[in-house]
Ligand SMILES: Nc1ncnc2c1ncn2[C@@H]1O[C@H](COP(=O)(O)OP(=O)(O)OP(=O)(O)O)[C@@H](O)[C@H]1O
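Just the one chain here, laid out as structure tokens, in the form predicted on its own.
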């Protein structure tokens, strides 16, 4: 594997309760690249993120993270080199956790400060990150009292605390109002434009939430169902195979395109992905899409 490869997924499949969630997933992310993982809800993005963040293991195939194969290396050592910001991670913090502690514990990739200790210099870095994201006033408060926008910025600060080689942000603007979303978008654009070898993966299902500086995209869609399975599907009476397998479940998610953002976000590709006529626009450096 090339030294600049940060992530590599090879023929990855994940099954839950014998149902295939994602399959035939292949992706390579190199140092310094800014990727968007895009697709409809329920397509398997969070499952893929779980693997990238070492929280989930593939049922088939291989996942390499920072030069090590997932399942054959100590994940706790890997997690200290990965910055993660996600709603699932936010739910793991004790409700009375001080946001400052939530940030500084990013160094050890734990949620909830117990017996671990940190230096004054490390706390000062955590304070600097909170100030950088305009939430320095949250020190001394409690995580459960934070607004969605405040919590998101605390999590991004935490994700950057250890100066990670890989930064993963899963749906960071979910649940935010317009003002909160735009504040977070400024933060994400700053990360996208930074001059560093850090690899960044941003997960979203909305084009409007793709920040400036991100220029590569992996689009997830449904893997086509075979003619035999489509015909056998109980609710597929027309035999056309509308993404439903023989058990009546949606077909597995997979990556249907990976590469340049501009070449990936076309009317034709999104029309096929969402099953309706879609028109893609770009204005002032931001993307948007509409049903037509």
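Positions refer to the first chain, counted from 1. Every value quoted in this text rests on a predicted model; they were computed, and no experiment measured them.
Omitted here: the form predicted together with this ligand. The next part is about that form.
K.L.:
Is there a heavy atom of residue 284 lying 4.5 Å or less from a heavy atom of this ligand in the predicted complex?
P.N.:
So residue 284 does not count as contacting this ligand.
K.L.:
Any of the heavy atoms of residue 224 lying within 4.5 Å of this ligand in the predicted complex?
P.N.:
Residue 224: no, not in contact with this ligand in the predicted complex.
K.L.:
Wondering, does residue 67 line up within 4.5 Å of this ligand in the predicted complex on heavy atoms?
P.N.:
Contact with this ligand, no.
K.L.:
Should residue 77 be counted as a contact of this ligand in the predicted complex, where contact means heavy atoms within 4.5 Å?
P.N.:
Answer no; every heavy atom of residue 77 is more than 4.5 Å from this ligand in the predicted complex.
K.L.:
With this ligand left out of view, choose which of 29, 52, 43, 36 has a non-hydrogen atom within 4.5 angstroms of it in the predicted complex.
P.N.:
Contact with this ligand in the predicted complex is made by 43 alone.
K.L.:
Thinking of 212, 279 and 288 as one candidate spot, does this ligand come within 4.5 Å of a heavy atom in every one of them in the predicted complex?
P.N.:
Not a single listed residue reaches this ligand in the predicted complex, so no.
K.L.:
Note that this ligand is not shown here; using its position in the predicted complex, name the residues of 160-193 with a heavy atom within 4.5 Å of it, in sequence order.
P.N.:
Contacts from 160-193: just 171.
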